[in-house]
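Okay, here we've got a single chain as structure tokens, the form predicted on its own, with questions on binding and movement later.
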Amino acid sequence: MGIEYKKALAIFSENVSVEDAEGLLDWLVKNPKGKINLAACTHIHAANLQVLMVVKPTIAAESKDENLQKWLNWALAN
């Protein structure tokens, strides 16, 4: 799995694949105040990005990958 779920935090691993998108959406629906930790993430499949764009959860930690974070900042701001 590319995402580890805690009570109020979803921790993204290096590579978050398309298979993770449904679980992410389910978790965010069940945990509307849940936060996202992207610190270790270096690749996120577009399906997961779409979930983040629609639900707009709080990002607790940004990706340490500068290029990915620039892309995420742009995508999540629009």
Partner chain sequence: MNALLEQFLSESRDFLQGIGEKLMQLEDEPDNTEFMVELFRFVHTLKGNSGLFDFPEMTRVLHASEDLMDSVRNGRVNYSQTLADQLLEAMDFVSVLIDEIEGTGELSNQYTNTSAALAKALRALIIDTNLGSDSEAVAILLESSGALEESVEFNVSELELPEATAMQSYRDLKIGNSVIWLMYTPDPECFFKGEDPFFLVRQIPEVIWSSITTSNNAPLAEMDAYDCKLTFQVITSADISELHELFRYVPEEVRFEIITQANDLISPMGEHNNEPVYDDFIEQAQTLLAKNNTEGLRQLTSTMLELSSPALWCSSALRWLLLILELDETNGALHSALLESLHTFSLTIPIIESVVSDEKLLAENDTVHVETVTNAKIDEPTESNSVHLSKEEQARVNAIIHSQKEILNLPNTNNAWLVGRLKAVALTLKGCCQALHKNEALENLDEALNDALAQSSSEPLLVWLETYSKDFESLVEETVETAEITTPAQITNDEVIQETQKPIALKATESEANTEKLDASPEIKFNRRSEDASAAASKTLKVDQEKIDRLMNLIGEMVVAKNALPYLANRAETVFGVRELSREIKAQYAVINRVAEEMQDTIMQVRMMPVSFIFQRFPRMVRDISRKLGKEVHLVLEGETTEADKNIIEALADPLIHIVRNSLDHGLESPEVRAAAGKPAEGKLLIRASQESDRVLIEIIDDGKGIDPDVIKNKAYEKGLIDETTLERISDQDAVNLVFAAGFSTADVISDLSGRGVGMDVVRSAVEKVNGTVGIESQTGKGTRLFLSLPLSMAVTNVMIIESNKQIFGVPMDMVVETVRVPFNQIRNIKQKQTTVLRGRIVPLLSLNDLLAQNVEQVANEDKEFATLIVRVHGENVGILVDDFRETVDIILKPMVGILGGLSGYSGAALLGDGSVLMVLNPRELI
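Numbering follows the first chain given and starts at 1. Predicted model, so just to flag it, every value in this text is computed and none were measured.
Just so it is clear, the following notes concern the form predicted together with the partner chain, a form of the same protein that is not shown.
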Original post:
Closest heavy atom of Trp71 to the partner chain in the model of the complex, within 4.5 Å or not?
Top reply: yes
**OP:** Spell out, yes or no, whether the shortest heavy atom distance between His45 and the partner chain in the model of the complex is within 4.5 Å.
**Re:** yes
Original post:
Any chance Glu19 has a heavy atom within 4.5 Å of the partner chain in the model of the complex?
Top reply: yes
**OP:** Examine Val51 and determine whether its closest non-hydrogen atom to the partner chain in the model of the complex is within 4.5 angstroms.
**Re:** yes
